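Only one chain is given next, in structure tokens, and it is the form predicted alone.
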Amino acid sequence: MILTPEDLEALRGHLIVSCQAYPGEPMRDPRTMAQIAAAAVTGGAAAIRVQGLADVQFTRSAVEVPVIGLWKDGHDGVFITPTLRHALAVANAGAHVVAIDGTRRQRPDGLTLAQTVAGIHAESHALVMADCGSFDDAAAAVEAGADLIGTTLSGYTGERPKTDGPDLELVEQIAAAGFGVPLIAEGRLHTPAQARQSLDAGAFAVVVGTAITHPATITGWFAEALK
């Protein structure tokens, strides 16, 4: 399945659910993530975002909605699908959209963001989602040819403060610029109200992960409230 412009437009105003578990956690299994993804689709998710090649493969088999794939390699700096090699592996695993670090930082393989996006487009059928940390990142990502831009890295690159909830100010700034590509609000969306606020701020669609698919964190919220 190649994601068509009509498929992409169908995501407008809808929920994308990120299904990820961290190394060492009980749920860190591609089959488990695929089952969670299927449950999210049953609940109304219009697309799924997953991390890891096996997770992409299992999730593609488990759901009929678009799959956004990424490969985290490392913990600091550029580590979300950091190189063209990583990106093509994600595309070959079956991701309809490859999410990559969309910041202006130097990439491990020495390629520019534009070269990376062009390489993905030339060597696969996948679209590219640029995970950005600021307005300037978003502008540069659009210039580089990204098909979607996200606020995923806001608060994590040093350019913007880490807000308690979603960075609605950044969503509004990017939306107001009218770049012409879908803007995905992602990062610290913990309530349905925040998801709605993100759409109202101008997001094309929203990604929610932790608040839906990470039981350890959700349990911690409740446990902390009872102290």
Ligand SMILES: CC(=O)N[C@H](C=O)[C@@H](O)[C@H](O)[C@H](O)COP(=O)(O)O
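Quick note: we count residues from 1 along the sequence shown, nothing fancier. These numbers come from a predicted model, not from an experiment.
A second form of this protein, the form predicted together with the named molecule, is not displayed here; the remarks below concern that form.
Visitor: Pop the named molecule in from its pose in the predicted bound form with a site C-alpha superposition and tell me open or blocked, counting ligand atoms that come within 2.4 Å of any backbone or C-beta atom (3 or more means blocked).
Guide: If you fit the named molecule onto this chain using the C-alphas around its site, the pocket comes out open.
Visitor: Within 4.5 Å of the named molecule in the predicted bound form, counting heavy atoms only, one of 152 to 160, 87 to 95, 110 to 118, 134 to 142 shows up; tell me which.
Guide: The contacting stretch here is 152 to 160.
Visitor: Could you check which residue among 47, 56, 171, 189 gets a heavy atom within 4.5 Å of the named molecule in the predicted bound form?
Guide: Result of the distance check: 189.
Visitor: Does residue 206 make contact with the named molecule in the predicted bound form, using a 4.5 Å heavy atom cut-off?
Guide: Contact check for residue 206: no, nothing within 4.5 Å of the named molecule in the predicted bound form.
Visitor: Are any of the heavy atoms in residue 70 no more than 4.5 Å from a heavy atom of the named molecule in the predicted bound form?
Guide: Heavy-atom contact with the named molecule at 4.5 Å: present for residue 70.
Visitor: Please run the contact check for residue 80 against the named molecule in the predicted bound form: heavy atoms, 4.5 angstroms, yes or no?
Guide: Looking in the predicted bound form, residue contacts with the named molecule include residue 80, since a heavy atom lies within 4.5 Å.
Visitor: Determine the residues of 17 to 33 with a heavy atom within 4.5 Å of the named molecule in the predicted bound form and present them in sequence order; the list may be empty.
Guide: Going through 17 to 33 in order - heavy atoms within 4.5 Å of the named molecule in the predicted bound form - the hits are 18, 20, 22.
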